[in-house]
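First, one chain by itself: the form predicted on its own, in structure tokens.
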């Protein structure tokens, strides 16, 4: 008589060392797992709902200024440091971890309109409406620093008020925006070069991170101008229908920059081809005041006059996230943190606010199992994102009532304009009129 017994070798399923991975045996034959797709869909649905439950992006507010926050700057030396300037002339260095003021830089007699730090993070440059540029030594974040911040290391007085400032990468040169574009050196009390195209004042200025000699500016005549320090002259300009409030270059694709415009949209341009925008980013219902890219170059954050902060993908025409609070007023400046984990906004209500860049992200140290679980949930949501129920949950955002009503009104106006254009085309002789794409419609002319 034969007796069949189940026999297995302990070597097949035991670990040789305690740190080895457990051996898991699974048959991947789809015939044995007929409900796998249905199970994964349910898991994706639950993951989308959990993301909404844990979406609490607001971390805290930093109070200390007594007037509206007008500008901000990151410190490349310290991950958790940020500078802020207000309309009453107050400049502060903040520690994001404790959300406290490390030190103040007193001296400006008017509004501070521009802040930037040198590439090594040891020097802070500020400018304002009191016609002065001030250079400050930056202390370390520990509160026992010996650096004296009560007096600037240098003060440069000039003929006109300043609207913005930016520092060149890996150099001692910085540029200011005002009645004209002035190029300064740390060791010179007067500009070493001056650029001007037209008679209108310059609003914002940014150096290119990839080509340090290239800089972009926006002016009050609705123009966006590119300058090259090597040729000592501007070489390209476009005139748009409305004014551009701020400009930011993509750090990973330095040929592209994004302009925050008064017409509620942001426009991403290729510096080599300015006759049309690459992408038009819509969703705001009032003027976009500031824009800043993530260090990864895959996203950027915008702050608007409609009292909201939005996060866009670099190639997305609609925002993936919107942040707002009941107390937050008009947002004048926004910045990404140096590790792309946080967003800082400065608004008219004198506060800086700290947000998570991913609303449902878990703060603190993640265990390997937790990280794998989050990655698995993200993969499930990406796989089933086209299905209506998951798409509805993932895309839903709560909007303040004024923003919601203004968005409906803007949508109605846009649809009416499109209908009018379609009827004009339908009742025109063939070939007599051509319809310009929206990416070209806002650009009036290009000059060089």
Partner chain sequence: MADSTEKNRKKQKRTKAKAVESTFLSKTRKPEKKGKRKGRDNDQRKRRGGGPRLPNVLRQELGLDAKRNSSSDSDSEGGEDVRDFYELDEEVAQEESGKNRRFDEVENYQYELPDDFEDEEVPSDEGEDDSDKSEGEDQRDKEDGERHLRMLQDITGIPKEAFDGEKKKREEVLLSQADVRSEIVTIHDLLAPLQGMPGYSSLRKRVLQQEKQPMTLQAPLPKSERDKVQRKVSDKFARKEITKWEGVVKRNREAPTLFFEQDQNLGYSTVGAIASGFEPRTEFEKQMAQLRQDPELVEAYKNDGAKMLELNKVSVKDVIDRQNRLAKMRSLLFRHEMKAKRIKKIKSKTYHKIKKKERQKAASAELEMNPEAAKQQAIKQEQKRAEERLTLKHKNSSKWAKRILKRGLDVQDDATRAAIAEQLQKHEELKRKMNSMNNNESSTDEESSDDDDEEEDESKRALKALNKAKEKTAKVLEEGDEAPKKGLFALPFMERGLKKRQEEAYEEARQALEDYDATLNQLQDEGEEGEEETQQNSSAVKMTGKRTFGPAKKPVAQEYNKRKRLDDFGKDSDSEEEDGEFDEPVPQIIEDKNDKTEGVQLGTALLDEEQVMAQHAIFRNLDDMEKAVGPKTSYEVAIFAGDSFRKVRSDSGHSNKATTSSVIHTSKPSHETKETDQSYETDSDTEMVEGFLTTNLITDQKPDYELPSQAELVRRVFAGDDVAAEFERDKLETLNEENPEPEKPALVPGWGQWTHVQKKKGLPDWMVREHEEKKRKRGEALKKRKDAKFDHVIISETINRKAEKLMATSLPFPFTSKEAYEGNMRMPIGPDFNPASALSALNRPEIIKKPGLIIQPIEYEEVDPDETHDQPKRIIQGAKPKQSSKEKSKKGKLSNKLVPKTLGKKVKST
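Every value quoted in this text rests on a predicted model; they were computed, and no experiment measured them. We call the rigid core the largest set of C-alpha positions that still match within 1.5 Å between the two forms. Positions refer to the first chain, counted from 1.
There is also a form predicted together with the partner chain; it is not shown, and the following applies to it.
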Contact segment among 166-174, 216-224, 320-328, 93-101, judged by heavy atoms lying within 4.5 Å of the partner chain in the model of the complex: 166-174
Residue 148, heavy atom within 4.5 angstroms of the partner chain in the model of the complex: no
Heavy atom of residue 398 within 4.5 Å of the partner chain in the model of the complex: no
Residue 78 within 4.5 Å of the partner chain in the model of the complex, heavy atoms: yes
Contact label in the model of the complex: residue 39 to the partner chain, heavy atom within 4.5 Å: yes
Interface residue in the model of the complex among 50, 59, 416, 387, criterion: non-hydrogen atom within 4.5 angstroms of the partner chain: 387
Partner-contacting position among 411, 420, 392, 43 - heavy atom within 4.5 Å of the partner chain in the model of the complex: 43
Stretch 310-337 - residues with a heavy atom within 4.5 Å of the partner chain in the model of the complex: 314
Rigid core superposed: residue 23 CA moves 2 Å or more between the shown form and the other one: yes
Core-superposed comparison between the shown form and the other one, residue 10 Cα displacement 2 Å or beyond: yes
